[in-house]
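Just one chain is shown here, as structure tokens, and it is the form predicted on its own.
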């Protein structure tokens, strides 16, 4: 018996009408599961990228290191997707935040940057911390000069003691690693406990601290420290001899002589691939982010002490940050030892031709 087409059409319509409510109930759940899976994949993929390229500045758990801002903050999660893409892609002027987009000279594709935005908004930072540690990419802790309660109590007895206390605390956290905990200078920065410096007009000292000195390792601090912190530190510099004469004892600075051992080279290799690889490339062969260090010309013309200074103090006007406040003297020397070990086999890479 042949069923009339009208009846077949009616039955098909009834079936469709019956399915639509069921589909409408199932589809949102499937879409939600697909979206969650997409987010999960993006976060997992970006975690390793974060460990290899971002943790060294922003911390293993996104907590921020030094003057580098934290990423595990509600304020950052609330930023728009477009704004986060812009910051990651183009970087930020007058900071060490580089441009990471390939078209801007970086190493991340548009898809990777999109995934990184999802990572920032969705990441479980406890998992990220564990993964960074698992990969051996946990960055070194910040090194700070310890300011004791006895030191602060002694300063409180002086005229303007509150200002001097703020100056000493600021100096300890930001300056001691380069200029020495006793202000006597180190191999990477000059002495601040200096009669000649105290004879310099205050405006000149303030300008140096605020603006840095181009072509030297002295960076600009005006976007890092508050004006009152800078003023208090400069006041401490001018009254350093008075502070010493008050009986306050600063810890002595111990600077190891630069040496090289197989152990130091191995430690330097490990540290380089935690702190330096993301910009200078695997084994120092360079990347769009930073020049090659595994370079015969650079290694032949740059003494160990100069390499040490560059790493510790950074390079003003470039993306090279100052590592002196985050690495111990041994760490710095191990990096020098590792880079020096490359000299025998380093390729001859000519510097870029300047356009005049």
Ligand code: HEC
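Numbering follows the first chain given and starts at 1. For clarity, every value in this text was computed on a predicted model and none was experimentally measured. In this text, rigid core is short for the largest set of C-alphas that superpose within 1.5 Å between two forms.
Separately, the form predicted together with heme C exists; it is not shown, and the next lines address it.
- Stretch-level contact analysis of 259-267, 95-103, 150-158, 131-139 against heme C in the model of the complex, using heavy atoms and a 4.5 Å limit, identifies 95-103.
- Proximity to heme C in the model of the complex, taken as a non-hydrogen atom within 4.5 angstroms, holds for one residue of 71, 123, 243, 168, which is 71.
- Contact here is defined as any heavy atom lying within 4.5 Å of heme C in the model of the complex, and by that definition not a single one of 164, 182 and 248 is a contact residue.
- Contact annotation for residue 62: none of its heavy atoms lies within 4.5 Å of heme C in the model of the complex.
- At the 4.5 Å threshold, heavy atoms of residue 53 reach heme C in the model of the complex.
- Not displayed here, heme C is approached by residue 190 to within 4.5 Å at the level of heavy atoms in the model of the complex.
- Contact annotation for residue 307: at least one heavy atom lies within 4.5 Å of heme C in the model of the complex.
- Annotation for 157-176: interface residues with heme C in the model of the complex are 174, 175 [heavy atom within 4.5 Å].
- Residue 118: CA moves less than 2 Å between the shown form and the other one after rigid-core fitting.
- Once the rigid core is used as the reference frame, the Cα position of residue 235 differs between the shown form and the other one by 2 Å or more.
- Once the cores line up, the CA of residue 223 ends up 2 angstroms or more apart between the shown form and the other one.
- Relative to this form, in the model of the complex the C-alpha atoms of residue 307 and residue 171 approach one another by 3 angstroms or more.
- Relative to this form, the distance between the C-alpha atoms of residue 58 and residue 225 is increased by at least 3 angstroms in the model of the complex.
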